[in-house]
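One chain follows as structure tokens, the form predicted alone.
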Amino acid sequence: MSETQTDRTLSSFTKHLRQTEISLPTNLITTSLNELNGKSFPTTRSEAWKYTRLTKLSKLSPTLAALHDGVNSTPFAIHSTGNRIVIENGAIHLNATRFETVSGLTIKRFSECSAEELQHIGSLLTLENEPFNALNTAYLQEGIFIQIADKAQIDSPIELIHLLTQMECSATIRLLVHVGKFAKAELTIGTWAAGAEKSILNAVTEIHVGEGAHFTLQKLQSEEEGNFQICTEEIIQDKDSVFTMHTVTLNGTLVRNNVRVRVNGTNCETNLYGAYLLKGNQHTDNHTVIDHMMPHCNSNELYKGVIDEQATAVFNGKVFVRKDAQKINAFQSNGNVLMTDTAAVNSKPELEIYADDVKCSHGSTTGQLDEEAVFYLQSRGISERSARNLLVEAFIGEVLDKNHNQDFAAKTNAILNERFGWER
């Protein structure tokens, strides 16, 4: 069978799954099922999946998994305090979850929410020709609703732990976040696996950042190899708001990150930072869109990758500047280091500008480590391996240092220290 083709339909992929029992709007479920009916997995003939083959994923027959009473989420936790929601195989593990009362913060399961609280679910999400969005909607297991009240300043951590613990299981989860006017909060999401293999996490997050609000989303992706992860984040910003996202990908056989930010207000700031360090046969695909719809806004996008052994990576970042979005400053950069001759990356930064009074730039660089720099460090008594690790650390550190959350940095550094011997 050709790598560009698959004979598995999306419907056959879901034969062991169960249609959602969450009270979502009927039209969303109907549209999603229609979008899946009779269609196959995307192939490399599709522009959106040109460099990401889904053959291995399409061969899975995932099932729903049961919760384990004795699950220990502590080794995977990033924060030691604050609200911690543990999601095991797509189901919320209440015994391992820790809810703390914080003024201005509401956290609920979708199954506990009112129709009014869920009225905006799916309003940002595209279903047409987006099969994983349709799968998430039609086969949603559970969801988390997070609301930050107007003017609330949430200093305590909010953490979601996604944990896969079973062979060939499907975890389908949704997150709906509403950040009120002039509020401020951070959300940390970690994705992990413990003993799972050939399992898939399909997670969708919808975020509304209100007027004058500041919201930071940080993701640490470190599933064991042999598992798959499809993550979609849809964000809309109101005027005077600041949205910042950090994505660090360290493990997983196939990881796809779809990020779309609609900047729907004036005087907004948008920051997207990504780091991926891949080895073995890992594959990571970052697809990002920043859509400037209003004037007087700034956006910064910096993604860097280190690709080792036979690993592959994709970066496709697009910035739109609409006709009426004058006075936009938009900067986008993707840099990659290939550690071996068998590593590969496909990088495609794009700008689509319809306004004439803007400052926009984009760029991409791919290369190997500077051998002269390696030799220089060796001449100072540093081993070749340590010299290469130092150069890699300096290269990727530009992105990692953008995140000032000490807990997140400590967890990231612990994993990198174990893999590379780094002491950051």
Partner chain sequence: MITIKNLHASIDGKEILKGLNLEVPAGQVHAIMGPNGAGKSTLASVLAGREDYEVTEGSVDFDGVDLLELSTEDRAREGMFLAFQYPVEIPGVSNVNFLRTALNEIREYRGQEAISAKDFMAMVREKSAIVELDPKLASRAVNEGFSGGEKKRNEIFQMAMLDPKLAILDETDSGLDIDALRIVASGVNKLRSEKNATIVITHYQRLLDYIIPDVVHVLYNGRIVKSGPKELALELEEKGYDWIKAEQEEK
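Positions refer to the first chain, counted from 1. Bear in mind that the values here come from a model prediction, so they are computed numbers and not experimental data.
As for the form predicted together with its partner chain, it is not shown, yet the points below apply to it.
Asker: Work out which of the listed stretches, 351-359, 367-375, 59-67, 45-53, brings a heavy atom within 4.5 angstroms of its partner chain in the predicted bound form.
Answerer: One stretch meets the cut-off, namely 367-375.
Asker: Does residue 38 reach its partner chain in the predicted bound form, with heavy atoms at most 4.5 Å apart?
Answerer: Taking the distances in the predicted bound form, the answer for residue 38 is no, it never comes within 4.5 Å of its partner chain.
Asker: Evaluate residue 30 for contact with its partner chain in the predicted bound form, applying a 4.5 angstroms cut-off between non-hydrogen atoms, and reply yes or no.
Answerer: No, no contact at 4.5 Å.
Asker: Is residue 34 close enough to touch its partner chain in the predicted bound form, meaning at least one heavy atom pair within 4.5 Å?
Answerer: Judged by the heavy-atom cut-off of 4.5 Å, residue 34 is well away from its partner chain in the predicted bound form.
Asker: Whether residue 363 contacts its partner chain in the predicted bound form should be assessed with a 4.5 Å heavy atom distance threshold; does it?
Answerer: So residue 363 does not count as contacting its partner chain.
Asker: Give, in sequence order, every residue of 375-392 that has a heavy atom within 4.5 Å of its partner chain in the predicted bound form, or say none if there are no such residues.
Answerer: Residues within 4.5 Å: 375, 376, 377, 378, 379, 380, 381, 382, 383, 384, 386, 390, 391.
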